[in-house]
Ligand SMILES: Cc1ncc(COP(=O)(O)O)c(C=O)c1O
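Here's a solo chain for you in structure tokens, the form predicted on its own.
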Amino acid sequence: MPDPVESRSPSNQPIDASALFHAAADLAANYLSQSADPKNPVTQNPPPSAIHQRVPLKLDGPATSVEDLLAQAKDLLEFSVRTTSPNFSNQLFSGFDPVAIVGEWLSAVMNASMYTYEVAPAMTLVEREVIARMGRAAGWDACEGLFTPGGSLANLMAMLMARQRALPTVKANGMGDARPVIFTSAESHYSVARAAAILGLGAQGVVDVPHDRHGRMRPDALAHEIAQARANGLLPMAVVATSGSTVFSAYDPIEAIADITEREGLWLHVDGAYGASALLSETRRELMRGIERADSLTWCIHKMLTVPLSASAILVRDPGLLHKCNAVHAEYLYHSDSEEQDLDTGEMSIQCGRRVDALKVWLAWKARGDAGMAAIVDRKFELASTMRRLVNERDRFELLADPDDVGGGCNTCFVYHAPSLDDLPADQRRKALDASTHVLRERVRLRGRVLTNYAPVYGVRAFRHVSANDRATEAELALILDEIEAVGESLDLAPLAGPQTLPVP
């Protein structure tokens, strides 16, 4: 009888799965260990030609041996950005959780699809428990939800439910002459506009509501925009509040927004893809005060809680609407005589096949406990405050927004005033400052020691540091500023005030 973990390649050569998995685990462990060392570069910034030269990417020719495949996989890892490095602050995620990584691997081993209890019995119950726990964190004793491949799809599903409630016959008859609109902060994620386009609302179906200097939606402006839309013959459908905006890491005032949506009869969705994890912290939970009054919530565990991509969920306060929005009933898959049909989730989703994303979250939560999950959240807020202090302590750095003034946030937006800009007139210095952020960031990126991003803030491009890695230290935060200074002190950026540009090597 053959070894149950032995299979054969297309060339009929035996593959020892146990040996392969052990070797792959060693490769992964070594990679994570190297990435955790701040002395190692975050990225080699390889040009495409270097990758093609090093790794035979073309899919033609004879089969490749397992040994060669592992060597090529190692090369691909070396050419990849080390997102688990404490010096990576380019996106809203970083770090790693080894238990959650094991959950990711086990999901691939099971290769289950999350549409019926019949084919994913244990994982269906795991997902239900994770969703229920997340719902309890939001203050909902009974709720439903699903894991989705990213927060953007979760936001889309929320807009589907909002449209269903505003237009109960939309599934059968379409929108007809209705002109529904969504209201959201001008600082909200672009997925809101994308969802409106997919739903047929068009670009004019999204109203950008002004925000305050901290990036938070202004409730008075929201009320005005809703009244204006009604006066123009539009159908106000939903409000999307943001908890943890992409640039400012701002938290919209949910409580005040809920007062308006309840009065106006509008769906309230909270896009907490980034910031909803604050619900797990006793000290930061206040940022989401009023969340229990929302109709739906997007929450990406892979962002603030270091679980591998993707681990995003859509949560709904009142059960039943997901099914009402999405069910079309395919008897060949969803059998009406099944004893567990109430546990089937396929008709709640806009997907058919859906991977097991809840397992890695369940394992990580089990391993850490509630206190451990809260500790990671608190640590990231603490690191962000430290980063802002470091910025304020250096004369040539200017902090553009301080979330600590309004309860906290995990992003730090700042600019660097290079010595070469000192003698420019104020109007020219602003233009040069805007352009210099791009030049400095690109040159720092090419050095490879750190990777952080930039974004527009108050009309000027600014560095945006994300405190996404709880393993980072104050020394590693300071390194980012050191790298910017090392480039900026000796670079003549004054020409950026004119029409000419500086080359970025």
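Note that residue numbering begins at 1 and tracks the sequence as displayed. Computed from a predicted structure; not experimentally measured.
One more form of this protein exists, namely the form predicted together with the named molecule; it is left out here, but the text below deals with it.
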Practice problem: Examine residue 380 and determine whether its closest non-hydrogen atom to the named molecule in the predicted complex is within 4.5 angstroms. | Solution: no
Exercise. State yes or no: in the predicted complex, is some non-hydrogen atom of residue 246 no more than 4.5 angstroms from a non-hydrogen atom of the named molecule?
Key: yes
Practice problem: Report whether the minimum heavy atom distance between residue 412 and the named molecule in the predicted complex is within 4.5 Å. | Solution: no
Quiz prompt | residue 189 within 4.5 Å of the named molecule in the predicted complex, heavy atoms | solution = yes
Quiz item: For the spot marked by 94, 277 and 361, is every residue within 4.5 Å of the named molecule in the predicted complex through some heavy atom?
Solution: no
Practice problem: Sort through 224 to 232, 143 to 151, 169 to 177, 203 to 211 and report the only stretch with a non-hydrogen atom within 4.5 Å of the named molecule in the predicted complex. | Solution: 143 to 151
Exercise. State the residue from 288, 300, 158, 195 whose non-hydrogen atoms include one within 4.5 Å of the named molecule in the predicted complex.
Key: 300
Exercise. Scan 84, 312, 90, 261 and let me know which has any heavy atom within 4.5 Å of the named molecule in the predicted complex.
Key: 312
Quiz item: Heavy atom within 4.5 Å of the named molecule in the predicted complex: which residues of 322 to 356 qualify?
Solution: none
